[in-house]
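Read the single chain below, which is given as structure tokens and is the form predicted alone.
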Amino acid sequence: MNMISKKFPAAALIDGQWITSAKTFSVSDPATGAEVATVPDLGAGDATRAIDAARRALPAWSAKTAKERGAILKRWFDLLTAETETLAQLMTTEQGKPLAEARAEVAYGASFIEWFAEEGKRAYGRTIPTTAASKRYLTIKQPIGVVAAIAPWNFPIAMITRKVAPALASGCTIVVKPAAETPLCALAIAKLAMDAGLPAGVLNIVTTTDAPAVGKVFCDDSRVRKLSFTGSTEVGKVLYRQCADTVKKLTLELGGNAPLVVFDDADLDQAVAGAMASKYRNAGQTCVCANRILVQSGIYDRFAAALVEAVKKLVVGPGLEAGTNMGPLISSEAIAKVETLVSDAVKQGAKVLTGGALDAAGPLFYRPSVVGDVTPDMSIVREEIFGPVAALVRFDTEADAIRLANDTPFGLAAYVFTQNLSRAWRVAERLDAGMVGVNEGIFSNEVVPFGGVKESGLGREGAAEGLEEYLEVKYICLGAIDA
């Protein structure tokens, strides 16, 4: 059998069996272009087989107590944590992020398993005061059923565990389609889940390059009662429409265009550190990274100079090399998009303050960049960059900042840097975003809800809200109590 390593099979997982296929696709290291492994290229029929397996496994899995399910999840957490270094090396190899970031993601991904192992015990119903002496009212919460999940390539472990852990904790079974760019981490953590004692069919992994066909099966099959998707708004809208006929519950974590607002009264060092953490993590390939950095006029020049100085210290190179803190972009298409956005901005009067070109490390490496004198009408502000380019926009008043920040169809994340507590509250409440970091560049973890508003999506992942996404509320009326 084709192996990722001595520990993990490079095969799809359906009904507890590792599935191979005559048709395969290659997974490459974006830093070198070298082939890492080949995995099965499954199709619509295989997706249906996976749903069949999940449906068969559902009654027994949902009948287990929350404590029993939690015990398996805890073993999964322990096994995954013990393999941190192996998984981090694998992630860097197939996705490109620096090894330190990969290790952090393994811990982040594992945290959702640990959290939901406990949170599954807290799917509380309630009793409701009666309106008649002969009746009693109560609600219970039950698993929604078979779930399908479509995960992205930029966080190939955490974006899967953030969906799978609450699904399993609530008593659902699940079919996962990992991104074609990064299926290996999904297969590795699925192997660890099986080692932890997860029953056959409860978790299924369908590897494929035919995302539209597999996604349509997920949407069309009435046995799938919920779809969770992380990816672009464009694809999310397609899936939203395709799910209408079967009226599925949806969690959609879609594109972002996060503003990072720096006011004149901000702590400069704090604001620069926050911008660096948000903008350049994973080479700017995160949905919550600062896409537009709005800087008040009084601090603009000092902030720009300090940010450029910090950016110049970043070390670009393959993620496995010691000292590297920024790796490659995922594909040539990603490079082309960044180049086009920067070129378009410069043609319209923006100035490249540092970077602005490919790096000598290789064809998928782009120099960490800062572009100044950007105006709100430029494409680099209107579109999600998804690359290591900070676009600086000048503003004058608080009202201007809020208007500019909200001038987008997206509303996932936003950041505010100010030492004025009143302003922090005012602005945070007025920003159209599902998440706001105040004087903080990284705010996501397993105990808080993650998600957006407007065209950035529906629902929340993580926290107690993340468990609710996999549960249905059932109301029960007990009559004739006084008989």
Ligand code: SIN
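Owing to the predicted nature of the structure, the values given are computational and were not obtained by experimental measurement. Sequential numbering from 1, following the sequence displayed.
Absent from the display: the form predicted together with succinic acid (SIN). The rest refers to it.
- For the three residues Tyr108, Thr230 and Cys287, a heavy atom within 4.5 Å of succinic acid (SIN) turns up in the predicted bound form in every case.
- For the chain shown alone, Lys177 is not a contact residue for succinic acid (SIN) in the predicted bound form, no non-hydrogen atom being within 4.5 angstroms.
- Ser444 belongs to the set of residues with a heavy atom inside 4.5 Å of succinic acid (SIN) in the predicted bound form.
- Within 4.5 Å of any heavy atom of succinic acid (SIN) in the predicted bound form lies no heavy atom of Phe417.
- Proximity of Phe155 to succinic acid (SIN) in the predicted bound form falls within the 4.5 Å heavy atom cutoff.
- The listed set Lys279, Arg292, Lys226, Arg162 contains one residue whose heavy atoms approach succinic acid (SIN) in the predicted bound form to within 4.5 Å, identified as Arg162.
- Partner contacts here mean any heavy atom within 4.5 Å of succinic acid (SIN) in the predicted bound form, and among 279 to 287, 369 to 377, 141 to 149, 201 to 209 they occur only in 279 to 287.
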